[in-house]
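Shown below, as structure tokens, is a lone chain in the form predicted alone; questions about how it binds or moves come after it.
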């Protein structure tokens, strides 16, 4: 089964997420591509100008790859508290790998995570999420254009 996730649902979930996240952050890192829209919105909402992206490839269409490729690790300036965002924590492999690499690169920083969707079977649970994913999500930004 698949679910088409509309902009209206996304906006509603973003509002819920901002109610959950009471911490203040110096920077946001989006896991590209899925986390980019969320990072932009949260950056505007929290007035955070340090928005970065980190690239990962873990899927080819709906097929999970054997290894996660991570590249374009951002060069963070002075940020001490950083929010990492993605659209979904599915297996958790991507979020876990990104956290490992960033913690290694920036041991002084505090990292927290947020996602719109989370699968309870994932190996890592984001600090904040809105919905549990029970089927494949077709996000509006992947479908509408």
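Only a predicted model underlies this, so the values are computations on that prediction, with no experimental measurement involved. Numbering follows the first chain given and starts at 1.
We do not show the form predicted together with another copy of the chain, though everything after this point is about it.
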In the predicted complex, the residue from 88, 79, 42, 98 that sits within 4.5 Å of another copy of the chain by heavy atoms: 42
Another copy of the chain contact in the predicted complex: residue 18, any heavy atom under 4.5 Å: yes
Heavy atom of residue 33 within 4.5 Å of another copy of the chain in the predicted complex: yes
4.5 Å heavy atom contact, residue 1 to another copy of the chain in the predicted complex: no
Interface membership of residue 135, another copy of the chain in the predicted complex, 4.5 Å heavy atom rule: no
Contact at 66, 102 and 131 by another copy of the chain in the predicted complex, all three, heavy atom at most 4.5 Å: no
Sequence-ordered residues of 108 to 145 touching another copy of the chain in the predicted complex, heavy atom within 4.5 Å: 140, 141, 142, 144, 145
